[in-house]
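Structure 1 and structure 2 below are the same protein chain in two forms, each given by itself as C-alpha cells.
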Structure 1
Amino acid sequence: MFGGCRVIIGIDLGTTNSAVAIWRDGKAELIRNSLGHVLTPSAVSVDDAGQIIIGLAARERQSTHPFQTSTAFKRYMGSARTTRLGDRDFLPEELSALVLRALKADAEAFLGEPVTEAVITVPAYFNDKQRKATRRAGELAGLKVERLLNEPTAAALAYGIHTAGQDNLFLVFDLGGGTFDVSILEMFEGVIEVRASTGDNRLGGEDFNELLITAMRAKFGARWREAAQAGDAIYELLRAAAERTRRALSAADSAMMSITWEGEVFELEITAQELETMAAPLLARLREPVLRSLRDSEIAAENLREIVMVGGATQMPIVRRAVTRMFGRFPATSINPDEAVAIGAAIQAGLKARDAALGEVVLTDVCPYTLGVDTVERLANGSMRHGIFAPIIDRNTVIPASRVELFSTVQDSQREVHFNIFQGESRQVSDNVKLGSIAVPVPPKRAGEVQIEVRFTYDINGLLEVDARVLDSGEKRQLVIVDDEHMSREDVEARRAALAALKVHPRDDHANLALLARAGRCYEDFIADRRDYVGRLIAQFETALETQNPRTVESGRLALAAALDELEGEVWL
C-alpha cells in the first residue's frame, strides 16, 4: 500500500519506447529509469556472457550486434514468430515481458516498495490474440494486469477530457512507432464514452523510416549487394540513420542521412519536401481509419471539439499538415505525445485504486472488431456455401457487451454442431482472424429442427467468452478464448520462471553499459581520424572504469558523453 491506496502502476508498452507512471499526491507522475529518462527504448539484447540488456543500451547495440538485439517486437504480438537471441528463442510477449520487468524494477526503485499490479495500454485496434499476448507478457513479468486500456482512451485521460466540465466530442489521433489508432470519445456527466475506434496495426514511424532506407538503397544498393537486406548489419545501420534523419526533418528543411560501411561513408541529403512526396501513400492510409470512425460513430467532423494528437510519430510536420488538411483546422498539441499514454494509464490506475483525489469517472470502451461465427448458406439451387461470417457483436459496440444469436442444424440426423469463432469485417471467414472453435452435441433430427443459442460476452479488457446451448436438450458448452496455445496456469508459471532465471544486467551499471554501447556504435559509424578519436575516448573511459572509483567513473562518463554529443548530436528517445 502507498499513501493509503493500492500501488498500481500505469505502463505504456510501446513499439519504439515504453514508459511507466504512478498516480500519487493528486497527480500522475512519470517514473525515470536508472539513466534518468522517462522513456525506455523497447529493445532487448544479449551480450557475449549471456546477460540480458534492456532499454537504451540494447538499442545502441542494434547496429553493432544485429543478431543479438531485437526491437519493434510489439508488431508481432499475438503471433508465433520467434526471435533468437543468444542461445534461446523468444516469443514477442517474452521480449515484451523483459521490458515490462525493467519498468517494474524502475517503479520499485522509485517507490521503495514492491509493485505487483499494473494497467497496461494497448492499441485500440489490437485484436483478441494481441490483447491476450499483452496480458500474458504482464503475467510473465510478475504483474497482475488490472486492466488493458486502449491507448487513445489513455491519451484522452492525460489530455484532461475527464475534467473538461462540459459535454464534448473529441477525436484522438494516435500514430506511434508501429501502430495507428483513431478513437472518437464523448464526455458527458462524468462519463467518457468511446463512440468508435479504428486503426491500422501495421502503420507507424517505422514505416516512414523504411521510406528513407529505400531511398538509400536506391542510390547505393548496387554497391552493397545482398548486405542491404533486412537482418544484416548494414540494414540496422540504415534503420538507425533513418530514425535520426526523420527526427532531424521535424525541425529542419533538409538533413543528411549517413552511414559508414566497410570503411566508406555513404551520404544522401533528404529534404522535407522529398520525404513528404515519398510518404504520400502512407499519409493517404491515415485518412481511411479517420473516415471510418466518423461513419461508425455517426458524428460529423465539424462537431468535434478537438483533434488530439498523441504518439511520437505525430511530431512529424508532414503528419500534422496532413491532419490539418483533413479537418480544415489545427489539431491540439498541448501534451507531450510521447508521454500522454503513460500518464493516462497512471490516471486509470489511480481510478482503479480509488484514490480520493480523483473524482468518479466512468470509462466506457468499444469492441474494435466485429465478432462472430462461421455458418453455412443455402443457395437457391439447393447447394451449400460454407465459410460465411455471421456477426454476433458488431464493431464499435460499447463494452462490456453480451449478445446472442440463434442457429439451426443444416443436415438431417446431424449429431454435432461445430462453430469456429472469428474476428473481422469480411463476409468470407477466410479473410478474418480465427480465434477458436467450440462444438456442441445435438439430438439427431431433421435439418432446421434443432436450434442452438450462441452467446458472446466481451469484457472491458477485450476478452471473449462464448456459450453455446442447445434449446431442445439443454446441452451446454463454453469457451473462453485464451490464445492458440491454450496455456495453462502451470505453463505461464514455467515460462515466467524461465525468464526470471535469465541473467539481467544490473540497473546500477546501465549508464556505463549504454554509453559504451553508444561509443562502440560510433566507432563503427566513423572512419579515419574520427574513428581513432572515438577509440581513444573508449580506452580512456575503460581505464576510468577499472579504477572502480565512483568519482573517476562519473567524471569519465560525463566526458565521454559530452564528446559523443559533440560528434553526432545528443541521444534521442
Structure 2
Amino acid sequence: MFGGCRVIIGIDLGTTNSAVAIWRDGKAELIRNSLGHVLTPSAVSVDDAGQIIIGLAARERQSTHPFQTSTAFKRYMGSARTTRLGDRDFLPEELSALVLRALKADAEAFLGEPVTEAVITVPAYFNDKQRKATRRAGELAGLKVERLLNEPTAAALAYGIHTAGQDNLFLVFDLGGGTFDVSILEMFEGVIEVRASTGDNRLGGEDFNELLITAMRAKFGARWREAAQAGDAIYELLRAAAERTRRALSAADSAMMSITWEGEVFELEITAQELETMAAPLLARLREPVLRSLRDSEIAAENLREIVMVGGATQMPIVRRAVTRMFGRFPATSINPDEAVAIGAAIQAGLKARDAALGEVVLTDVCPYTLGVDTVERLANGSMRHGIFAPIIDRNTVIPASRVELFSTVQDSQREVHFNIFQGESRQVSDNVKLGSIAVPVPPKRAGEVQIEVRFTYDINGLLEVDARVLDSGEKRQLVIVDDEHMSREDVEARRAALAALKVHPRDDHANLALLARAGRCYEDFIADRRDYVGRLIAQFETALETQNPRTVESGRLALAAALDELEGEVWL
C-alpha cells in the first residue's frame, strides 16, 4: 500500500474475455485469476446443485450443458432480455455482475486487501442505456464504478499516448468478439482528445466463426435437417469448433474442423487460403468505419502515428494483412491485443487515484452518435414530408456539449409542438432510436410565426437534457432522458444481496472444476477409442480428488491436463 491512496482496479469487461489490472510501482500489472490465467472468459454457468461457475470452466461447459451456460451477454447489456440458467432468470447486467465479482475476488486475492472501486471499460459505441447497465453491473458486484472508460481510449493509454511528448495521432482498431470500433485519438500538450469514434457493432470474431459454420452446414446440412439455427445444442458445438479452428488457422496453414453429434463425427478440412477467400466480404466491411472516422476528423491516413490493434480477432493473420495493406505500414502490436484495454483501464484507475507516478493528463471524449429531433419538411410543391431527422448534436462532438436549434410551427393555430428525440445517423427517424419526447404549448398563430428554441445538453456521462423554450411566450419545458428501467437504491441493494446469496465454488476448487469441465467436453466431442480413453482419465482424476490429499490432487490434475493437451491441443483463451 502506498501513501494511503485508494486502490482502484481497471477492468476490461469484454464480450468473450474479461481481464483485470492494477497500477502499481509506476506501471500497470495484470492480475491473474484462480487458474493462473490473465484472461477470464465472460461466461457464466450453473451446475446441477445451483452453484455458479464463472470463467473458463463455464465456457467449457457450453457444449455439454448449453442450457445452463451463457456467454456473449455483453451484446444484450441495456436490454431487459433474460436468460434462464437452471431454475433462475438472469438479466445481462446480473451475468456481467457475476463475472465482475469473480474478477474482484481475484484482485483481492492478489493484492491481499479489499477492493471497492473500479474503472470499467465500455465500447465507445455504447448508448446511454448500455452504459447505465454496465454501471449497475458494477454496483451489483459490490464495486463503486468510479469511471466508465471507452475501450479505444484505454487502448491508446496502454500504448503510452500520454507519455509521448509531442503531438500524436493514434488510430485504435478494435476488432473484438462481437463489435468493431475505430477511434482516432490525438495527444497534444498533455491532453488526450478523441477526434472521431465510429464502428460497426455487428462485426467481430464471431462473424468469422459464422463463415466456418456456414461451410460446415453446406457440407453436412442435409444430415442435420432437424436441428434449428440458433439456441440449439448443435449450434453451440459448431460455435466452439469454429472458434478452435479459426485460432488454429492463425498458426497453421490448414486445420480440421470437427464435431461429434449423436455419436457421429463430422469433419471438414479448411485451409487458411479458403478462410481468406470466405472472409473477403468481412474484410471489406472493415474499411467503411475507418474511412468514416478519417472523414469525420478530417485527418489523412498518412498523418497517423500509430495504428493500435486491440481485440482477440486482430491476431488473425488475415486481419493483420488487411490492416497493413490498408495503411501501407505495420500496425503496432507490441502489447497483447487481448490485454491492452485492461492495461489502459489500470492506467486510468491510477490517474483517478492520483498516484504520483503518473502526470496530469486530461481526457476529453466525444459523443459517438448524432442526437436530434424529428421535423416536418415542406417540399416545393406544397406537400409535407414527415419524419425527417434534424440533428442538434452532431456525431463526434466533444462532450460535455450544449447545442441549440430553432424550430417553428408548420400549421396555423397550432396549440402544441411535439418533439420526439432520436439518436442515430439516418435521415429518416424511423431508422433511428427514439429516446423520449417532449411537448410544449405554443400561442396560436400563423404557421412559421412561432419560434421554439430547443437546446440539447449532453454531459460527460451520457446524460441528455433537453430544454424547449418558446421565444414569444417564454414557455419552457425540460426533459432529462433517463432510461425507463430506473432502479432505486433499494432495488439495487436487494438485487445485490440476491446475487451475493448465490453460491460460488471456493477458489481452490476452480482449477479442478475447469479441468473437469474441459474433460467432460472432450468426452462428448470424441467417440470410440478416444472417448473411452478420456473416460478412464476422468475416473482416475476423480479418484485422486476423493483422496483430498493436495499433492495427489495436484499431480492428478497436471497429468490429466497434459493428456488432454496431447489429444486436442492446448487450451486457448
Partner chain sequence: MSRGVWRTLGLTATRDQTAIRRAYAARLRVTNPEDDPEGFKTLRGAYDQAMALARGQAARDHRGQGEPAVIAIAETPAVAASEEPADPAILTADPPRPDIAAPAQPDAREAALDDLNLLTGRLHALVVDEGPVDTIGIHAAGEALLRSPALDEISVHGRVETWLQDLIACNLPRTDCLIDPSVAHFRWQERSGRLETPGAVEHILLRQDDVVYRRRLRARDHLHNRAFRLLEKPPRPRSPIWRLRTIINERRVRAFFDNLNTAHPTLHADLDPGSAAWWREHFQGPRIGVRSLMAVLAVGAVAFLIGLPASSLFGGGLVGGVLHGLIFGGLAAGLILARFYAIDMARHHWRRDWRDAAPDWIRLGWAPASLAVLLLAGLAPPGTASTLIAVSLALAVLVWARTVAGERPGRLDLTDAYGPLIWANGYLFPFWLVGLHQLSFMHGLQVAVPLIVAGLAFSRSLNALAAYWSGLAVRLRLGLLASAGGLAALAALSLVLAGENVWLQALAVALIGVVAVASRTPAEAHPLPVLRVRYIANGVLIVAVIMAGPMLLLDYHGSSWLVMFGGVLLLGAAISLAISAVAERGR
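Residue indices: 1-based, along structure 1. Rigid core here is just the name for the largest C-alpha set that superposes within 1.5 Å across the two forms. Everything numeric in this text was worked out from a predicted model, so none of it was measured.
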Original post:
Pick one: is 1 or 2 the form predicted alone?
Top reply: 1
Original post:
Does residue 114 move its CA by 2 angstroms or more between structure 1 and structure 2 when the core is aligned?
Top reply: no
Subject >> Rigid-core frame, C-alpha of residue 374, shift of 2 angstroms or more between structure 1 and structure 2 >> reply: yes
Original post:
Does residue 454 count as moved between structure 1 and structure 2, where moved means a C-alpha shift of 2 angstroms or more after fitting the rigid core?
Top reply: yes
Original post:
Core superposed, what is the CA shift for residue 400 between structure 1 and structure 2, in angstrom?
Top reply: 2.5
Original post:
Rigid-core fit: what Cα movement does residue 443 have between structure 1 and structure 2, in Å to one decimal?
Top reply: 8.0
